[in-house]
Structures are given as structure tokens and as C-alpha cells.
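Only one chain is included here, represented as C-alpha cells and corresponding to the form predicted alone.
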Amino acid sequence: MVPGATAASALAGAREPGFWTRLSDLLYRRGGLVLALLLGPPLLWIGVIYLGSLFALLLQSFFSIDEFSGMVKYQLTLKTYGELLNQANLDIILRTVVMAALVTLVGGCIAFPIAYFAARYARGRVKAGFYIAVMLPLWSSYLVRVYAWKLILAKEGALTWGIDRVGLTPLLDALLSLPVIGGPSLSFSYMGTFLVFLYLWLPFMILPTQAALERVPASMIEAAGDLGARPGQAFRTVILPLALPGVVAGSIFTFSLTLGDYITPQIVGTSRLFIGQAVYIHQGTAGNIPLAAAFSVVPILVMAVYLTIARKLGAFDAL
């Protein structure tokens, strides 16, 4: 064997690129391939799994149940949607939408001043404490928080005890005696359900609002004051329009989460159903999957209408 030839062949073998080197070069030269590999799996998940299941749900809503056999009739019909117009089902839809709207409205009124203080005045450790205080409830289990509130709102709970200590028990009894929102105790009333919903979803209203207020230039607020605008005028004409996208984003979270929740009203509140509970019961205990699917379409339509109105009002122009 010739030593020179052996050295040359060894050198050629050492210089030959391996698989990973060739793959790296290919990905470097073709940026579109990298983008496809990165976005392919999540887009496949969204397109096939999520949208596919959503389409299957929509299709199920156009089927019906045979009243004699209880089996699903795979024939396209609007009969199931007609059942949503029954008084009992309309009450469920109206009850859920009103509750979601109230939680969103009150949540926005509470979240805005908190978010404004955090965006304009909180600095350093105070701001860090603000984020911890807002996020801390989300670190615990959802069920733990709901059951904790059930104990707090119970007739022998901490809230009733505190109200009794300050002498406001007659006021609580008067509220509980109201025909629609009252009940035997806060844990068995719409007021209790409302308070738990408000507690659960308030962070989802505060954080987007605070992020939007952070982007409002302080110089614009100062300029409004220099031009003679009163605090109320500055709020209506400068602060609120610029912060509106964040408020709308928070309201979308709060409204949609309340619309679809079925665990909270099952643990805290009366025996009257919400949309989430109706879906759970009809697809499980009752076995009426078409009606459950039709109920599931209702929040989608409500959110579509809400987003359309928000878009027409210009809420997304600054996004």
C-alpha cells in the first residue's frame, strides 16, 4: 500500500460532510423549509384536530334524536336548533349570556383602576408585587379555588361570619331574599356564582388592560391637560381610546370563559343550568349529542357577534 495514497484517502474521508452537516446546510439555504417545519405541527394541530373537531361538532348539531329509539338520526335537519327555542332552553341561554355580560362589565370596572395604577404609578417592588398578587391565584388549582369559595360563601363560612361581626347580617338577609339573585345562602345563589366568576376571571381582564395602558404615552395625557382638557375629558378622548384594545382583549377572555364554564355553576349556585352544564348533561347523562352540539354552537355565535360589534366600534384599530 502506498503511504501517500492512504493519507489522501483518509483526508478525503475526513472532509466528507456528515448527515447533520448536510441537513444544517440545507436548512440554512432554504429558509422556507425551516418555517414550514416550525409552523407545520401547530398548524396541523389547529387545522385538523381543532377545526376538524369543531366542524364535526357543527355537523352533529344538524342531526336529531329519534324520540322512539333514542338513537341519533343522521339526516340533516334544523329540528335540534328549533329545540333551542323552547322556553327552558332559552332561559339557559339568556341566563348564561346575562351572567357573562355582568361579569365582564363589573370586571372591567374593577380592573381598569387597578391596571391604571400599575401602569402609571407602580414602580420597582410595588410593580413586582402587583404582578405577583394578580398571578398568584392562577398558580393554584381551578377546583381548589372554586371549592374554597364555596366554603367562604357557605352559611357558616368566613364571609357570613365577617358580615355578622360588623352588624350587616340584616343587609345580607335582604339581598338573599331577593327573588332572582337570592337563595338560602351565598353559596346557593346567583350572587355567589357571580362573585366566584368575577374572582376567577378578573386576572384575565387586568393584565391585558394594564399592558394596553403601558403603551399610552404619558406625554399625550400631559398635552391634553395643557390644552385645557379636564381629567374626565382626557380619560374619554385620550386614555380610553388608546387602552380600548386591551380592554376588549380582556373582555373577550372574561366573556368567553364565563360562557363556557360548567364547573363553577355546578359547585356554587342554584340548580338552574348554564350553557356549559347543559352541554355536559346532554352529551353525557341524557345522551342527546345533537342538542349538546347545538348548545355548543351558541357561545360561538355569541362571540362572533361580539367580535363583529367590537370591530365596527374600532376596538382593534390600534392592535
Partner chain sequence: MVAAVHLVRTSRRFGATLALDAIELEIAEGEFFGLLGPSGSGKTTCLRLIAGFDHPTSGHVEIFGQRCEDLPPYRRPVSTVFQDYALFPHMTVLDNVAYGLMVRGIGKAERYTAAREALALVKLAGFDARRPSELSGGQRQRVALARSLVTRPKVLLLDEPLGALDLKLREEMQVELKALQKRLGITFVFVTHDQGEALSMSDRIAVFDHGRVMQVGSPEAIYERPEVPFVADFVGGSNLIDGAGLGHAGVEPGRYSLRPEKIVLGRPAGDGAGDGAADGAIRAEGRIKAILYQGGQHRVTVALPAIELTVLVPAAEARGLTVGETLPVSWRPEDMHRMTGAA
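Numbering follows the first chain given and starts at 1. The model shown is predicted, which means the values in this text are computed figures rather than measured ones.
Another form, the form predicted in complex with its partner chain, is not on view; read the next lines as being about it.
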| message | Would you classify Met220 as touching its partner chain in the predicted complex, given a 4.5 Å non-hydrogen atom cut-off? | response | yes
| query | Any chance Arg230 has a heavy atom within 4.5 Å of its partner chain in the predicted complex? | reply | yes
| request: Report yes if any heavy atom of Pro241 sits within 4.5 Å of a heavy atom of its partner chain in the predicted complex; otherwise report no. | output: yes
| request: May I ask you to state whether Thr237 is within 4.5 Å of its partner chain in the predicted complex, using heavy atom distances? | output: yes
| remark: TL;DR on 191 to 199, 150 to 158, 241 to 249, 170 to 178: the one with heavy atoms within 4.5 Å of its partner chain in the predicted complex is 241 to 249
| request: Find the only residue in Leu213, Val106, Ala122, Ala224 having a heavy atom within 4.5 Å of its partner chain in the predicted complex. | output: Ala224
